[in-house]
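Shown next as structure tokens: one chain only, the form predicted on its own.
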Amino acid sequence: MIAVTGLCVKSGDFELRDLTLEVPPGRYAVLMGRTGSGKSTLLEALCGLRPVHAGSIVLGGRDVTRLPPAHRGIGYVPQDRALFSHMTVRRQLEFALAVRGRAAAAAGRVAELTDLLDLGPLLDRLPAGLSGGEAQRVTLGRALAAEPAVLLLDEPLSALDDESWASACDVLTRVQRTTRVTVLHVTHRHEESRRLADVAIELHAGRLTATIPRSPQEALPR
């Protein structure tokens, strides 16, 4: 679950002001808003990449407001993917576990992720040899490697063509349903929200303007 209460985050002249929202455990929330509305600022605050000036952040039932990123129990997919250019796909997945002191579990977890994300043909490739959709799956696998309670996605599908976008939406739906991880997904595309969201959240100029839980009848078929 994600629970934000009275959050204030300042970034230059911009400010998230007294923001309160909740995403229930195991739900897929999509955060929307125009450029400059504060979407990425909120995500970075949840990750621990921006200091919080007031309020609290609870992730997976723990207050993480003052914790460093590595101790927050999150998986994070940045917009630029940030794959390591010198590491094979296998090593990318193993590294995510090694930095959390779980190197001994790497082989088994890599096998699970390979099956979940269809990474078998990619394991020995470097990032330069991956298509956009393939790189997106690898980045997702790296974020999921340590079995986080919360998965944060910053415009994860923005660089994909239409065919790859549709396939990636199917992957995200399957992964969330299989793992039951709580997801907060930032996008500017309404069709992405309609396709993926259980909970739709809208920001405008640093303020929450709407939180819309969706019933299965309201969401598009997955």
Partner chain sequence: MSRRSEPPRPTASAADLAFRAILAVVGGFYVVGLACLLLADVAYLATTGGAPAAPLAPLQPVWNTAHALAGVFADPNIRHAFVLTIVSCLVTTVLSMVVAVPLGYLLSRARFPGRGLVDAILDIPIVLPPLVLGISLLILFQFWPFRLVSRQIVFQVPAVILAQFTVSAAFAARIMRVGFDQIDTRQEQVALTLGCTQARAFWSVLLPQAVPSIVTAATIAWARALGEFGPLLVFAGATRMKTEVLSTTVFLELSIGNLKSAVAVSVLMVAAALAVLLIARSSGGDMSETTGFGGRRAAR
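Remember, it's a predicted structure, so these values are computed and weren't measured experimentally. Numbering follows the first chain given and starts at 1.
Keep in mind the form predicted together with the partner chain is missing from the figure; the text below concerns it.
Asker: Taking the partner chain in the predicted bound form as the reference, which of Ala149, Ala98, Leu123, Leu116 has a non-hydrogen atom within 4.5 Å?
Answerer: None of the others qualify; the residue that does is Ala98.
Asker: Ala168, Leu49, Val58, Ala159: which sits within 4.5 Å of the partner chain in the predicted bound form by any heavy atom?
Answerer: Comparing distances to the partner chain in the predicted bound form, the residue within 4.5 Å is Leu49.
Asker: Which one of these stretches, 173 to 181, 29 to 37, 63 to 71, 188 to 196, sits within 4.5 Å of the partner chain in the predicted bound form when only heavy atoms are counted?
Answerer: That would be 63 to 71.
Asker: Is Pro78 part of the interface with the partner chain in the predicted bound form - any heavy atom within 4.5 Å?
Answerer: Although the partner chain is absent here, Pro78 would touch it in the predicted bound form, with heavy atoms inside 4.5 Å.
Asker: Could you confirm whether Met87 comes within 4.5 Å of the partner chain in the predicted bound form, counting heavy atoms only?
Answerer: So Met87 counts as contacting the partner chain.
Asker: Tell me, yes or no, whether Glu155 is in contact with the partner chain in the predicted bound form, where a contact means a heavy atom of each within 4.5 Å.
Answerer: No, Glu155 stays farther than 4.5 Å from the partner chain in the predicted bound form.
Asker: Look up in the predicted bound form whether Leu83 has a non-hydrogen atom within 4.5 angstroms of the partner chain, and give yes or no.
Answerer: Yes - in the predicted bound form, heavy atoms of Leu83 and the partner chain come within 4.5 Å of each other.
Asker: Considering only 130 to 162, what residues come within 4.5 Å of the partner chain in the predicted bound form, judged by heavy atoms?
Answerer: Residues within 4.5 Å: Arg142, Ala143.
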